[in-house]
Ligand SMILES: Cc1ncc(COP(=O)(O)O)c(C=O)c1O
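Consider the single chain below, provided in C-alpha cells and representing the form predicted on its own.
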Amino acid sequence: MSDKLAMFGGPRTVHRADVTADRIGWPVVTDAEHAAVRGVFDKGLYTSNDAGRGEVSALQRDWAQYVGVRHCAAVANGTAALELALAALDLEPGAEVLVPALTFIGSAVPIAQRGLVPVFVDIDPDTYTIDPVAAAAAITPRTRAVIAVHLHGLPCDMAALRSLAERHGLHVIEDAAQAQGARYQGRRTGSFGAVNATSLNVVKNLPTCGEGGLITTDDEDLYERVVLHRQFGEDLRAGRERDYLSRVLAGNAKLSAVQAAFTRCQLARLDADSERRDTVVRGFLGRLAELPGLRVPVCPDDRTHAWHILRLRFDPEPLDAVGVASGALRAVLQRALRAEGVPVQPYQIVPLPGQPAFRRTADPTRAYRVEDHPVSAAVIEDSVTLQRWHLNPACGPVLDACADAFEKVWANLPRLLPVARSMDYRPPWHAALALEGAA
C-alpha cells in the first residue's frame, strides 16, 4: 500500500468496490420483512385503528414488553412522539423545558410547537449528553420538565437527572431516538421518564421503511392523553363506536400498519444486531484509540452504548500542533480522511441556541447565545462523526479499512499540520450567524 495521501494524489485506502450493500447497507431487509408487509395487505388492517388486531397494536405490545413499561403508543415519527409526550403532560404555556444544546433540532422543536420555552443546557464533554450540573443551574421557577437526549446511542446519567427532577418537581422525558436497546443500570432506555419518545426513522438502529415513532409510559392517564392527541382528539379505544367528537385540539399522527410490520421484524433482531455491532465497533475504536490526539467515544460501566453515531475528537496538543486551532486541525483531518474514502462529517454545525430559527423566535426576554454553551461549541469545533456504515453488523471489513485510513493519515501528520496552520479558519457556526444577519 502506498503511504502517499489520497488528497495529495495517492491511492484511496477504502476502495469503493469493497463498500458493498451487504456490508454497509441499512436497514437490512430480509424475507421476513417482505412477508410481514405482504401480510398487512392480506389482512387489510392498515392503520392504528385496528381494534387491537393489527400490526400497529402488535408493535405497541412488543415494544412495551421489550422496554419494560405498561404502555406504548405508535405515532407518525419521532418528532411527533416528543410533541405528543409534551402534550400529554399538559404544561402551561410559557413553561420552560430543559434540553441539551447539542442535539438534533427535532429534540427542541416540539417544545416551541407546544407554546413552551426551550432552555438550552450544555453537555458533558465525555458522554456528549446533558450535563446534570449545568441542568441544575438552568432551573428557574418556570421550569417544568427536562428532556434527556441519549445522544449518539449513549444513555444519559439518568440517576442524576431523576434525582434533580425529584428535588425540583420536574417531569423527565427521554428522547431515545438514537438509543434503542441501550441499557442504563440494567434498565432499557425509554423506561425512566414520566413519558418517553423514540424514532423509527429508516436510519435509526430500530428502523421502519420510512418514518415512525413510539411513546412509552407507565402512567395510565398519560397514555390515554397521548392516544387522544394521536388522532384529532377522538376516543378511539377498541369496543367503542366512533362518535367523531374531538375532546382536545389535536392533529393526526398515526403510524401505518406497513411501517409497524416492518419494524416488528427489525425488533426481533435488535438485540442480536446490537451485540454484533458492539463487537465490531469496539474493535474499530480500539485501533483508533492508539493514535495520539484522537479521542474516541466512551461508555461508562453502568450503561451500554447503541453506537448509533461515532463521534471522534481531535486534540492538537498530543500531536505537537502548537498554534493550530482545534477547528483547523479537524477541518484538515476531515478532508484527508474523506479523500481516503472514510465518510466522516460533522453532526450539527451549530449548537441549538445558534440555530437561526430559535434566535428569530426566541422569547424576547431571553437571549440565546452560542458562547453560553462552551462545551457544545468545542465538541462541534474539534470533532467529526461516522454515521450509518457501522449500523450493519457485517461492516467489520469496511471498518478495518477505515482504521487503516486513519493510521495512514496519522503517519502523514507532518505534511498536514502546516496546512492547518496556514488556514484562514472560522468556526462552522459563524455561517449560521451570518445567515441570521443577512435575513
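None of the values given here were measured: they were computed from a predicted structure. So that there is no doubt, residue numbering starts at 1 and follows the sequence shown.
Keep in mind that the form predicted in complex with the named molecule is missing from the display, and what follows is about it.
### Query
Superimposing the C-alphas around the site, does the named molecule, as posed in the predicted complex, end up open here or blocked, where blocked is 3 or more of its atoms within 2.4 Å of backbone or C-beta atoms?
After C-alpha superposition the pocket is open.
### Message
Which residue, Gly190, Gly212, Pro351, Pro155, is the contact with the named molecule in the predicted complex, using a 4.5 Å heavy atom cutoff?
### Response
After the contact test, the surviving option is Gly212.
### Contact residue in the predicted complex, from Pro118, Pro207, Gly181, Gly78 (heavy atom within 4.5 Å of the named molecule)
Only one option qualifies, and that one is Gly78.
### Message
I'd like to know whether Asn201 contacts the named molecule in the predicted complex, with contact meaning heavy atoms within 4.5 angstroms.
### Response
Taking the distances in the predicted complex, the answer for Asn201 is yes, it comes within 4.5 Å of the named molecule.
### Task
Answer for Ile173 alone: is it within 4.5 Å of the named molecule in the predicted complex, judged on heavy atom distances?
Contact with the named molecule, no.
### Task
Check whether Val149 has any heavy atom within 4.5 Å of a heavy atom of the named molecule in the predicted complex, and answer yes or no.
Val149 belongs to the contact set for the named molecule.
### Message
Would you classify Ala177 as touching the named molecule in the predicted complex, given a 4.5 Å non-hydrogen atom cut-off?
### Response
So Ala177 counts as contacting the named molecule.
### Query
So which stretch, 278-286, 86-94, 319-327, 70-78, is the one near the named molecule in the predicted complex (non-hydrogen atoms, 4.5 Å)?
Within 4.5 Å of the partner lies stretch 70-78.
### Query
Taking the named molecule in the predicted complex, which residues of 101-122 have any heavy atom within 4.5 Å of it?
Counting only heavy atoms within 4.5 Å of the named molecule in the predicted complex, the contacting residues of 101-122 are Thr103, Phe104, Gly106, Ser107.
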